[in-house]
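Next up: a single chain in C-alpha cells, the form predicted alone.
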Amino acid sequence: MTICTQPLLESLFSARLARPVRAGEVVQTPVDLVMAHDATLSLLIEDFERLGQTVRMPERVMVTCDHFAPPARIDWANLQRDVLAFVRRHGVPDLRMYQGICHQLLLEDPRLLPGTVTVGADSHTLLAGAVGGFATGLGATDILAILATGETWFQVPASVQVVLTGTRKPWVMGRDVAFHLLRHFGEDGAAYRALELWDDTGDGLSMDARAAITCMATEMGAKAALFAPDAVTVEYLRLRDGKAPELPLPPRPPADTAYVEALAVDVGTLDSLIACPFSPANVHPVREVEPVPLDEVYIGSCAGGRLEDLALAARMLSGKQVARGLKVIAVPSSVRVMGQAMTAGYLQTLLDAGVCVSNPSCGACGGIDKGVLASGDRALMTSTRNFRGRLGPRDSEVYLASTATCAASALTGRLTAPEEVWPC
C-alpha cells in the first residue's frame, strides 16, 4: 500500500486501479471477498434465478448460516433450506453452517488482508476493516450484481482521521472507544465517510478491540472504517494464518493530507460508557446513569463476544455468582472463539457463575432467539443496536455497554460501573 499525501482508503483504491484516486470519484473494482448470510441471501435468490445468473467467482464467496442457528421456527427452516439449495446449485465451496457470526468469520478468514475489498450483505461488514482493508455492507440488489459479475462500483468516501493515544484504564475496552466516537458523531455524523484509525495507545489495542470499534462505525453512518496496519496487525495475521505476512506498514500521512476531519482521542481519559435507550448514540458515562435494575445481561454479538470479552467476563465473575433471578447469557462469536474460551477455562468459569452459555450465532442481537425479552423487560447488552423493539416488545428497554460493564452489572443485578467491583 503506497502512501503519498492521500488518506489510506484513497491510497488503497489508487493502488488497485494503478492511478491516482480521490474522494468523491466513482470507481469500479473487482471484489476480493463477498459475504452473505441466511437472512439476506434469501432475499435475492428468486431474482438471481429468474435472471438466469450464475455465481461468477464462487471461490470468493462466503455464505454463513448464523442468524437462524439453528432455526427455531418453520419459516426460518424453510428459508435456510432455500439458501442451502442455492449454495449447492451454484457450487459455492465456502458454506459456514452454524460456525459463528458472519463478521467474526470474515475476521478469521485468511482471504481478509490489508488492502483488500470486502463486501457483505449486512451493514456491520465494516468490522472487517479492523485489519486495514476496505469493507462495507451493501443491499441485496448490489450483492446480486456482485455475485453475477465479481465486481462493483463505489463512490470513494472522504476520510476522517482518528488518532488514538494514551493508556486505558483496565476496565475500559474497545467498546468504550466506539461509544466515545458515537457520542462525537451521533447516528449520522460520519455519513458516507471512512474512519481511518491510527493506534498510538500505550498498550496497543488488540484485534478484538479494533473489531469492536470498526463494527460500531456503522452506527455512526460511516461507509467504512479501517485501522492502519501495524505490528498488532502483523502479529494477528501471523497467528491466524500460521505465517508472517509480507506487509509493508504504511507511514502516517503528512499534515496536509485531505481529511474532512481529524480527531485525537486520549483513551486514558475515557470512562466506561453506556448507550441508553433508544439509540446507540445516546451515550453517557455509566457512573452518571441511574443504576436501574435489570432483567437480562447479554454478552455476545459481532460487537462483543470475542475471546477478549469472554476472558474479561470470566475474570470478573470468577468465584462469584450472578444476581439471583437475573438472566445472564453469553454467546461466543464463533466456534473458534468458543473452542479457545473452552480450552482456557473461561466457559466453565461463566457456567459456574450461573451464566447460560449458548452456541455461536447472532442470537438475541436482532431479536431472533437466545434471550428475547418479555414485555417491560430491561436488558444490558454488548450488541450493536438498542432501537425500540429491537429485542421484541416495544415496551422493553435495551442499554448497550462493554463486557466489563455487563459483567459488573451481572453481579449486582443493576446498571453498575466496572470500577465499583474492581479489582477482580
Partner chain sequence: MLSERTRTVRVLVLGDDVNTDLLHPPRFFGTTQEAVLPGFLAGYPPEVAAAFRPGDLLVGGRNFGCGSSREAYVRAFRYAGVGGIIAHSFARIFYRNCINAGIPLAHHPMLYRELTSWEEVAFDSAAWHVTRVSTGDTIPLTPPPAHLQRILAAGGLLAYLALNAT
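Numbering follows the first chain given and starts at 1. Being a predicted model, the structure only gives us computed values, none of them experimental.
Quick note: we don't show the form predicted together with the partner chain, though the next part is all about it.
Visitor: Taking 4.5 Å between heavy atoms as the contact cutoff, choose which of Ala158, Leu144, Leu326, Val163 touches the partner chain in the model of the complex.
Guide: Exactly one listed residue reaches within 4.5 Å, namely Leu144.
Visitor: Let me know the one among Val322, Val234, Ala140, Val87 whose heavy atoms come within 4.5 Å of the partner chain in the model of the complex, would you?
Guide: Flagged contact: Ala140.
Visitor: Using the partner position in the model of the complex, report whether Leu263 sits within 4.5 Å of the partner chain, counting heavy atoms only.
Guide: It does not: once the partner chain is placed as it appears in the model of the complex, Leu263 has no heavy atom within 4.5 Å of it.
Visitor: Might Ser301 be said to contact the partner chain in the model of the complex, defining contact as any heavy atom within 4.5 Å?
Guide: No.
Visitor: Is Tyr192 part of the interface with the partner chain in the model of the complex - any heavy atom within 4.5 Å?
Guide: Yes - in the model of the complex, heavy atoms of Tyr192 and the partner chain come within 4.5 Å of each other.
Visitor: Verify the contact flag for Phe154: yes if a non-hydrogen atom of it lies within 4.5 Å of a non-hydrogen atom of the partner chain in the model of the complex, no if not.
Guide: Looking in the model of the complex, residue contacts with the partner chain include Phe154, since a heavy atom lies within 4.5 Å.
Visitor: Where does the partner chain sit in the model of the complex: which of 374-382, 355-363, 40-48, 57-65, heavy atoms within 4.5 Å?
Guide: Within 4.5 Å of the partner lies stretch 40-48.
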